[in-house]
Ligand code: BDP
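Only one chain is included here, represented as structure tokens and corresponding to the form predicted alone.
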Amino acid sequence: MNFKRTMLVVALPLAFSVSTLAQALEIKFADIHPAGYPTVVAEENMGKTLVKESNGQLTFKMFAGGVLGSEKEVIEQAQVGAIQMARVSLGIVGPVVPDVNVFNMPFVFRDQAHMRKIIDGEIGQEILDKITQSEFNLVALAWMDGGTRNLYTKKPVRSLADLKGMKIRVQGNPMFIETINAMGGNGIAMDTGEIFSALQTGVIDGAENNPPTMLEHNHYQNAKFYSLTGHLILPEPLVMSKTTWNKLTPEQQTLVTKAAKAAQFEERQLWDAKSASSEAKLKAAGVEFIVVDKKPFYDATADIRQKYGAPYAELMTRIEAVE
């Protein structure tokens, strides 16, 4: 009898352990940026938190460097639950969730500090909720800092006139194409992974992005001029597949939300350090940083804000009012 009791005591923990392993949910996270990039580092640290705080009920695997496809492909995989989490650009979300386009409009933010105050406040949460409540099948959890987007080109752009006729790569969002067109260029939609060869072969004359992206993707090898237009300052949502979200317990949902918000602020510190070091490395590699008069660029894009901003007039007024 004592032997049977002992066996029962031993068997119960084993059964619990097997049950626990069976219920573990793997979170595959996709990011097109390479290992070491601020978003990727913050996401990996978030993953460690999720594994630790869930006592292994959640597992985490990072897929950096675009190994699971372009951002468009990643979103499609997340929508069906094949990928559990991702950091995506608003330019990709905009055509599907039109409300986010208020952040996509040129010069809607005065500067980086203004943008951060917006995403940290109630307006930022409202936009995340719009994504979550849409038919996108994603839950938007937090914002990553995507930096300030400027023009980088093969020939210098010192004024609006210099941009005329240049073929400039943008993300696949009609508003971004029209923004470049309004400034006199020729907007060309293209995946990030295609930019290097397109610059090399002359398919495009330039692109627009932040210093870390220009550096990490080696675009500076074929584009030596960086014009500080500051036409876009894009926050980037960190999202989870709604299919995955619905599998989580309420406690796990709270954990994921909390960890994602922590990642938002960690990434910001990493971003500022990375941006400064990237600018220094680009200058050392021969890239000329050009300070331009932004007003002509701002004025040239007025019609874009009027056309796309009409449905968000009240929201844009609120954004402008934030000091």
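Bear in mind the structure is a predicted one, so any value in this text is a computation, not a measurement. Start at 1 and count along the sequence shown; that's the residue number.
Another form, the form predicted together with beta-D-glucopyranuronic acid (BDP), is not on view; read the next lines as being about it.
- Using a 4.5 angstroms limit between non-hydrogen atoms, Ala223 is distant from beta-D-glucopyranuronic acid (BDP) in the predicted bound form.
- Heavy atoms of His231 never reach within 4.5 Å of beta-D-glucopyranuronic acid (BDP) in the predicted bound form, leaving it off the interface.
- Though the partner is left out of this view, Ser227 does not reach within 4.5 Å of beta-D-glucopyranuronic acid (BDP) in the predicted bound form, counting heavy atoms only.
- beta-D-glucopyranuronic acid (BDP) in the predicted bound form is not approached by Ile188, whose heavy atoms all lie more than 4.5 angstroms from it.
- Note on contacts: among Thr192, Gln79, Asn104, Asn173, the single residue with a heavy atom within 4.5 Å of beta-D-glucopyranuronic acid (BDP) in the predicted bound form is Thr192.
- Contact with beta-D-glucopyranuronic acid (BDP) in the predicted bound form holds for all three of His33, Ser89 and Arg149, each having a heavy atom within 4.5 Å.
- Comment: 209 to 217 is the region of 154 to 162, 238 to 246, 209 to 217, 113 to 121 lying near beta-D-glucopyranuronic acid (BDP) in the predicted bound form, near meaning a non-hydrogen atom within 4.5 Å.
- Shown without its partner, the chain has no residue in segment 172 to 188 with a non-hydrogen atom within 4.5 angstroms of beta-D-glucopyranuronic acid (BDP) in the predicted bound form.
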